[in-house]
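In C-alpha cells, the next block holds one chain alone, the form predicted alone.
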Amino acid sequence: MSQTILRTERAQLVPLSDEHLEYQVELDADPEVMRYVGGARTREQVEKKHRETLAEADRVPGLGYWAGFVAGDFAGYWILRAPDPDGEESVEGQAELGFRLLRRYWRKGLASEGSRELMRHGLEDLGLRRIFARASAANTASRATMAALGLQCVREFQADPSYFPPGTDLRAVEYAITREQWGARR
C-alpha cells in the first residue's frame, strides 16, 4: 500500500513529492515556523532534507509525508512516519505524527483537522496500535493541538542536541494515543 490522498472538510493531503520542493523551501525558511525545530533552513538544507524525507516515505507502506492544500493553495505538511528506534521500546505498529503550517494558516484549526485524518488513517486503515507526537516543551501551541486531538502526555525527555543550535532549550515532550483510546473517543 503506497501513500494515499487524504481529504478533510477543508484540506486535501497529497503524498509529498518532488513537485512540492518549493513549498517546503518557503515553509522551512520561516524562522517562526521553524522556531522549535532547529531554526530556519537554507535552500540547500531543505533540498537535502527533502530527498531524505522522500526516501523515508518509502520505508513503510502507507506512512510518510503529505503536502496539505486548502482551496488549492499550499498550507503546510503533515507527517505520519515510521519512528526511529530509540532503545525504549519496539516501534512496530507505531507511527510518529507531525505537522508544520505556513503562518497564515495558524490558529484556524487546520493542524488538528489534518492530524485527525492522519490519525484515523493510521489507526483504522493501517491498523497501527499507537501514534505519538513529540514537541519542544516550550511549544505551547503544538502541545495544545496534540491534547485537543486526544493524545495524552506520556513523557518528558531531553531532545538530541545534534539537531539544534547551541543554546536551544532541549526539554521535550511526547504525547500518544492508542488504537483502543482512539476507538473509545469515536
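The structure presented is a predicted model; accordingly, all values stated were derived computationally and were not measured. Heads up: residue numbers just count along the shown sequence, starting at 1.
The same protein also has a form predicted together with a small molecule, omitted here; what follows describes it.
Chemist: What stretch, of 43 to 51, 138 to 146, 155 to 163, 65 to 73, brings heavy atoms to within 4.5 Å of the small molecule in the model of the complex?
Modeler: Within 4.5 Å of the partner lies stretch 138 to 146.
Chemist: Answer yes if any heavy atom of Arg130 is within 4.5 Å of a heavy atom of the small molecule in the model of the complex; otherwise answer no.
Modeler: Arg130: no contact with the small molecule in the model of the complex.
Chemist: Quick one: does Arg134 come within 4.5 Å of the small molecule in the model of the complex, counting heavy atoms only?
Modeler: Yes, Arg134 sits close enough to the small molecule in the model of the complex that at least one of its heavy atoms falls within 4.5 Å.
Chemist: Is Leu126 close to the small molecule in the model of the complex, meaning a heavy atom pair under 4.5 Å apart or at it?
Modeler: Contact with the small molecule, no.
Chemist: Report yes if any heavy atom of Gln94 sits within 4.5 Å of a heavy atom of the small molecule in the model of the complex; otherwise report no.
Modeler: No, Gln94 stays farther than 4.5 Å from the small molecule in the model of the complex.
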